[in-house]
Ligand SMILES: Cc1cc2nc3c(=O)[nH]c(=O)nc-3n(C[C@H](O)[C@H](O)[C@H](O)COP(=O)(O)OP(=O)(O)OC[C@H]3O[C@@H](n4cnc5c(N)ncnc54)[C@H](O)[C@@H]3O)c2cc1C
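A lone chain, given as structure tokens: the form predicted alone.
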């Protein structure tokens, strides 16, 4: 929502582009290998992941511009690696605000200061703040440079028929209605997914009671870029307030509604302004400010039972809805997009069997359930679901005023990449040579001329400590690392040990005494390749 007198897209800091519908004489019904429904950050990431592996797709969206409001604003280190891999990272680094720490306050007194893991070996910082408009703009700029991605704005999905050999989408744009055949469909159309509804699928899980208003304001304020959480502050007695700095002097303020407080009244401009004024007074800001945008949300943990239904694969909020606490929503969706993108590209190119796609749901739904476990803890602390939980939360915070250990209960446990150790395409771990374990995301290491992650090939990479054997495989890059070098020391690795790294930088397997033939056999089994 915008203040009175301003339109939905009348932003104080961002100019929304306008995208025309496809021309009336453009070819519209030629079969597509992949159709992506939804041109938000998750859909665009999936399109770029497919394109970087040489696969064509059609990206559709009913809108004629980006999503309104800043929405998702906290992007994790792992997501910056994804942006790096798809060739879109440069403008993100120029615009976003990195941060590594947070502070929590109880009744005006600090009870916790936490720092996220960070070191010179990390190419990117643990977290970056950037408004979603810029996320979409920078991803779109990368898409506009990519001839393998065809984008159709102002194109609405009206029906979908899915079968064993593909799907037919009935689409409508200002020039008419038509059918588009597709071998695969990626549903990236958000929490109210049209694709999900048309296929008769339902999200299952839990709804939390806590409701929050999120408001973006523009002001000049010199507080550093960290996460601030205020518990039971004077401005919202009994409630919780979160504050984040964003680029362009925009500040995100999330504040909890009281029990019985009417949503309709809470989101009126008059009440939003009054609530924001009280929060700003509480943090000592007495200068001028402008109201940019506001919305409302509640914390839910909901997911599909299976993220793939025949030729239709669900990614992002169409597959799962997670609480914002711990900034897991968009980051989880971007990991979905990368995960299915490289696997689908291998299947489409004939370099892997379709069975490779069977690993998508176990990996990404497993990641969602892990998010649920961690985010639910945060949600119960941020928005206690009962009087008993509220009593325990306040008791812990009261203890934290005098005992630092109790303040750790207010730690939001920021997002870490999920470990696919139970995945059907992860090699069993027999103890390993040290370093990252099978299923985990590869830990980066600073080298003299960059980072270890810069050495990865487009598909699989075999990191071999010491003199590497001659291995030939169309999808494998072999990188020999000095036996006494930086990586060997950082990982505690002995000569002859090896790690097989996937296109998404997760470890497919590790071996203390690597046998080339066994590694190649494992890779071919993973891909369902036949001799």
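Numbering follows the first chain given and starts at 1. Quick caveat, the model's predicted, so the values are computed rather than measured.
Keep in mind the form predicted in complex with the named molecule is missing from the figure; the text below concerns it.
- The stretch among 53 to 61, 480 to 488, 460 to 468, 498 to 506 whose residues place heavy atoms within 4.5 Å of the named molecule in the predicted bound form is 53 to 61.
- Taking the partner from the other structure, the named molecule in the predicted bound form has a heavy atom within 4.5 Å of a heavy atom of residue 37.
- Taking the partner from the other structure, the named molecule in the predicted bound form has no heavy atom within 4.5 Å of any heavy atom of residue 243.
- Contact annotation for residue 365: none of its heavy atoms lies within 4.5 Å of the named molecule in the predicted bound form.
- Shown alone here, residue 189 lies within 4.5 Å of the named molecule in the predicted bound form, counting heavy atoms only.
- Among 279, 357, 229, 157, the residue placing a heavy atom within 4.5 Å of the named molecule in the predicted bound form is 157.
- This chain appears without its partner; in the predicted bound form, the one residue of 330, 83, 76, 313 with a heavy atom within 4.5 Å of the named molecule is 330.
- For the stretch 247 to 264, the set of residues having any non-hydrogen atom within 4.5 angstroms of the named molecule in the predicted bound form comprises only 252.
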